[in-house]
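Only one chain is given next, in structure tokens, and it is the form predicted alone.
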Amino acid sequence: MTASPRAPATARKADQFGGPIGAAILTVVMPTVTFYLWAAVAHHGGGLWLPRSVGELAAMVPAPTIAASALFCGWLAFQAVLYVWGPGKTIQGWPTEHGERAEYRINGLLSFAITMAVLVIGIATGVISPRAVLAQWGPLLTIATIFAIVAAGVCYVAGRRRGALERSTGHPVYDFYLGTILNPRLGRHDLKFFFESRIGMGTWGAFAVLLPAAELEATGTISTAMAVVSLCQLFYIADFFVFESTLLSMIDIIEENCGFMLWFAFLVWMPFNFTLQQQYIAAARPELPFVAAVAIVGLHIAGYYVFRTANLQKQGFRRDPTKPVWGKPPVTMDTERGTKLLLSGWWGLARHANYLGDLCMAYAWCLACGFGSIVPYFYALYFTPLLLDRERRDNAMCQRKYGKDWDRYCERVRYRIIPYVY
């Protein structure tokens, strides 16, 4: 495992997520929460519960199985083949703080389409049994967690061996959690990009097909709630792959090292926790009236409109700073770096209005589950503080990048996420 060459980087401060102690806590809490939520749906119908025996606590972490291991390895291999040999273009990523650019294969939409076609045809012909696959859900969760721990350990060692070429703090637990290497690579392929895009988002999409198919296989019908959540999520995931190249300008890729936080997020947190709504619906079968379904879809569409148009404005401005925004010439602010900051459209109303759209979609998916349990609301409850924290971290990164110019920008764009509110 190697990384793209980088100029010597400055040491990183242990000032995020509560420092080394906070990192140690999160390293334990993230898997514990995930296994607890899985058990809440799988064994308790979506209800919150407390272990009453050692055996019940142990059952929260299922043992790996040969079948689950084969599914996991086969899935990784299938996605890797599509990524490496599938038709697509190779582009350069966003420059790092040292001006370096890594190369990435952009063929996610085709890979996702092929994956969905294989799943649908396999299910329709009986080659793939959704209920048989989902019977391995618990063991798959355990295997994915083990893989994340091992991968984080390998990346920690790789980053430490590179020394001053990477940013780290010297605190083993903290560096294990946040990582010591920016771009871990296998050959010329960036593992961080591959696992976030093809494994994190791709597996989420596969589960969004398998869960309603399993409900259909078990009951003969797909409930309104299941249809609403799955279709909305699949639309969101497909949209991600349409604009896959924009991931290269996100903080995950250009700023954050690849440690346990990201490995666990890509392999476990995203696919297993982001489908808690469908898992709950399959277990509890909540009723969703037609009027409520229409309103929820409307909220999703409104959220998507804000999310996508805001991002398109940002991307269009980066390509052409003179491109009209909302039909008018863009209002911009010059900086000492020689670049411009956008003050038009959504970006003139709030610094991250795109996060508002993301949150609207998140709450729409959760509301489709009704109010019988808090478990399916985990996505929104987790996503809200995540985006609040991400906005703060992005603000700090821009402060370092632009200095006093960023202060002037914040004076003109006062609101962080919700225009006129926050």
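Numbers follow the displayed sequence, beginning with 1. All values derive from a computational prediction rather than experimental measurement.
Form predicted in complex with a small molecule: not shown, discussed below.
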Practice item. May I ask whether 256, 262 and 272 all come within 4.5 angstroms of the small molecule in the model of the complex, judged by heavy atoms? Key: no
Check your understanding: Just one stretch in 69-77, 122-130, 334-342, 144-152 has heavy atoms within 4.5 Å of the small molecule in the model of the complex, so which one is it?
Key -> 334-342
Point to revise | Exercise: residue 17 in contact with the small molecule in the model of the complex, heavy atom 4.5 Å | key: no
Practice item. Spell out, yes or no, whether the shortest heavy atom distance between residue 38 and the small molecule in the model of the complex is within 4.5 Å. Key: no
Point to revise | Partner proximity in the model of the complex: residue 110 to the small molecule, non-hydrogen atom cutoff 4.5 Å | key: no
Exercise for review: Please check if residue 347 has a heavy atom lying within 4.5 Å of any heavy atom of the small molecule in the model of the complex.
Suggested key: yes
Point to revise | Proximity to the small molecule in the model of the complex, single hit among 314, 189, 160, 171 (heavy atom within 4.5 Å) | key: 314
Check your understanding: Among the candidate residues 300, 352, 105, 198, which is the single one with a non-hydrogen atom no more than 4.5 Å from the small molecule in the model of the complex?
Key -> 352
